[in-house]
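Below you will find one chain, with nothing else, as structure tokens; this is the form predicted alone, and questions on how it binds or moves follow later.
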Amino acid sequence: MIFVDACFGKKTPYTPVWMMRQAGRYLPEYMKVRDEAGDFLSLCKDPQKACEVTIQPVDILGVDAAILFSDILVVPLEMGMKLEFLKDEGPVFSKPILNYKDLDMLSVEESAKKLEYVYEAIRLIRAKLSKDKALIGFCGAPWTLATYMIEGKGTKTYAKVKKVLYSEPDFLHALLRKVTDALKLYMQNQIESGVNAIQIFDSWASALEESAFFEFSWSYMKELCDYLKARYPHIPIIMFPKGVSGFLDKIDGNFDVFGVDWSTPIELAKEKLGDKYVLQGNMEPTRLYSKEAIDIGVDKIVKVMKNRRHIFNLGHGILPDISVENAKYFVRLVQERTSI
């Protein structure tokens, strides 16, 4: 698989390319299946439909890897929290985690069992996906999940979780410990079910100052990597902490690929981490609104990363109003411009 080879820094005939959120709302085919499912969470819980929408962008766009269709919040959901996806509001936990009593209600072992619908989707996808295409499994980083679990929903201020971080750090560590243990089992089961690579998303890493990031986020992500690498050294791991360009000097760990977000100059990531890890990214997602902007963005990254270990991606997820034609153009352009 060209994608897996690239993750391990092997020479490939061109730079493989995929996009975060590539199975999503910009595709009419996806919207049709989602409408049939009834709602987003029902789609996540239907292995047949999750399989269908996972494979759609591989067939339609020609990307070099599929990423499992699911959501990072199915883990706290199946640990025992009540989750709803509300129109114009997004995911909401009606009863956030407030104290140790709430924490004791969460089950690590039960969550791993209840997520069987994810594992079944993986088995179906791997059976139908072309053998030369990789299937990427994923999870949210413990810090990102804990933030949702304490805040109850998305946040711009992180006030609730950061109040806990500075006033009750032991409680936050206890929550992060439980979430990390659940993720270990979840990722292990994804690998056993057939994924070829893992990506760990820390979408809210940028909420933390440096010392807090390394204590409350990165340390748990590294622990998860160590756990998986000890058992599955043949499975590449991609780390994607968003918005940590100021901390790159101190990034370390037992993983293979560092995902570079669009706000981090690719030159900086190359300088700080390019000798240690394969880099993934990092074109600004809104460049996909214009073919001219795509040309400029791709050419710049190709020039910077020429003859260096690289996987092409956007620096965050594809937006729902991007045209399918432009998404196809982006994928073809990368594959053509980087061909040997």
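Since the structure is predicted, the reported quantities are computational estimates derived from the model, not experimental observations. Each residue number is its position in the shown sequence, starting from 1.
Unshown form predicted together with a small molecule; subsequent notes refer to it.
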- [ ] Go through 304-312, 289-297, 30-38, 267-275 and give me the stretch that gets within 4.5 Å of the small molecule in the model of the complex, heavy atoms only.
- [x] 30-38
Task: Contact residue in the model of the complex, chosen from Phe201, Tyr119, Tyr220, Phe247 - any heavy atom within 4.5 Å of the small molecule - done: Phe201
Task: Selected contact from Asp102, Asp252, Asp71, Glu168, since only one has a non-hydrogen atom within 4.5 angstroms of the small molecule in the model of the complex - done: Asp71
Open item on the list: Using a 4.5 angstroms cut-off on non-hydrogen atoms, would Met20 count as touching the small molecule in the model of the complex?
Closed with: yes
Open item on the list: Taking the small molecule as it sits in the model of the complex, is Phe214 near enough to touch it, meaning that at least one heavy atom pair lies within 4.5 angstroms?
Closed with: no
Task: Non-hydrogen atom contact Tyr232 with the small molecule in the model of the complex at 4.5 angstroms - done: no
Open item on the list: Since only the chain is shown here, I'm wondering whether Tyr148 would be in contact with the small molecule in the model of the complex (any heavy atom pair within 4.5 Å).
Closed with: yes
